[in-house]
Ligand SMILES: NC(=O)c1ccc[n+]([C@@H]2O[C@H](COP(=O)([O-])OP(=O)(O)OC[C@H]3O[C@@H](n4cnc5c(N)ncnc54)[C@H](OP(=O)(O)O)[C@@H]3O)[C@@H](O)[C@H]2O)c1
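To begin, one chain is listed below as structure tokens, in the form predicted alone.
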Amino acid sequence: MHFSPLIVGTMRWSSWGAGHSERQIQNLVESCQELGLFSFDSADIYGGYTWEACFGNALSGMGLVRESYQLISKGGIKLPGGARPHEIKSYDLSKAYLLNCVDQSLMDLKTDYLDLYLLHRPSPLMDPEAIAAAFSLLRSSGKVLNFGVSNFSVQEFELIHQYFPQLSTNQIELSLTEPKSLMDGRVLQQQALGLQPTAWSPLGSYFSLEDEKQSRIKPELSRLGKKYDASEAAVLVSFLLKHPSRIVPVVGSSKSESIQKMARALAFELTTQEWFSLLELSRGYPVA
């Protein structure tokens, strides 16, 4: 699957974040497309199961050619409250539930197909044969073009991949402040299979948590920002873009100016020494 250089995460556009109006959503979509960003990431649970209908209404009012943008959705998490009567938070990756989730997302997003559908979280009760059967039906019907997972370990990805080898990506948490998946095999697994890992929360905790790690990183981020005429956020994104697996960051801001600042990362590349310097500062110790 060919993503845009950055994937635009929309969770913070919903009532879980800025609670944008239809016109504000349309303005954001337009500004993203002007930056060459056409892949939009969503999930059925966002906004307590209300977001995808809001997003679909906004998109349908723009008159865009459907092929000019990509829609990514996720499902399999059941949240209590909101628009659906689930008693407790749980996971459901059964064939029937996944098929129903996709139909609901298609209706809410006002589209005939999803470009990519992800299992939002692995379940300890997941049946890979049932998942493969659901994916096969969705593919043959044309309702979903590509499939993947999110937050899966190496072993969990391999389990699903054995039954459905057409998986496109594993969307994982990955950032300078949370680089664990660079070391635990998840990124390497995607690279070995010729897939692009997608990374949610690419800024990590840098702007939300004032701790020792942030204080170690900040001077170097500031120096690199001046060198490359870029924001600290852009340098954080560039840390991921440097990796040869062709990581695609999922940038989740609800402000067009913040997305523009992060997109600046596409215009420069960190040196290898700069990359390892940032990694060492994040972890607090050099590589072995």
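All of these numbers come straight from a predicted model, not from anything done at the bench. When you see a residue number, it is the position in the sequence shown, counting from 1.
This protein has a second form, the form predicted together with the ligand, left out of what is shown; the following refers to that one.
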message: Is G252 part of the interface with the ligand in the model of the complex - any heavy atom within 4.5 Å?
response: yes
message: Given that the ligand is not shown alongside this chain, does Y113 nevertheless sit within 4.5 Å of it in the model of the complex, heavy atom to heavy atom?
response: no
task: Report yes if any heavy atom of M11 sits within 4.5 Å of a heavy atom of the ligand in the model of the complex; otherwise report no.
output: yes
- prompt: Quick one: is M262 in contact with the ligand in the model of the complex, heavy atoms, 4.5 Å cut-off?
  reply: yes
- prompt: At 4.5 angstroms, heavy atoms only, are H120, S150 and A233 all close to the ligand in the model of the complex?
  reply: yes
- prompt: Considering the ligand in the model of the complex, which of Q171, S105, N146, Q190 comes within 4.5 Å of it through any heavy atom?
  reply: Q171
message: Using a 4.5 Å heavy atom cut-off, which of 161-169, 194-202, 134-142, 90-98 contacts the ligand in the model of the complex?
response: 194-202
task: Scan 25-49 and write down, in order along the chain, each residue with a heavy atom lying within 4.5 Å of the ligand in the model of the complex.
output: D41, Y46
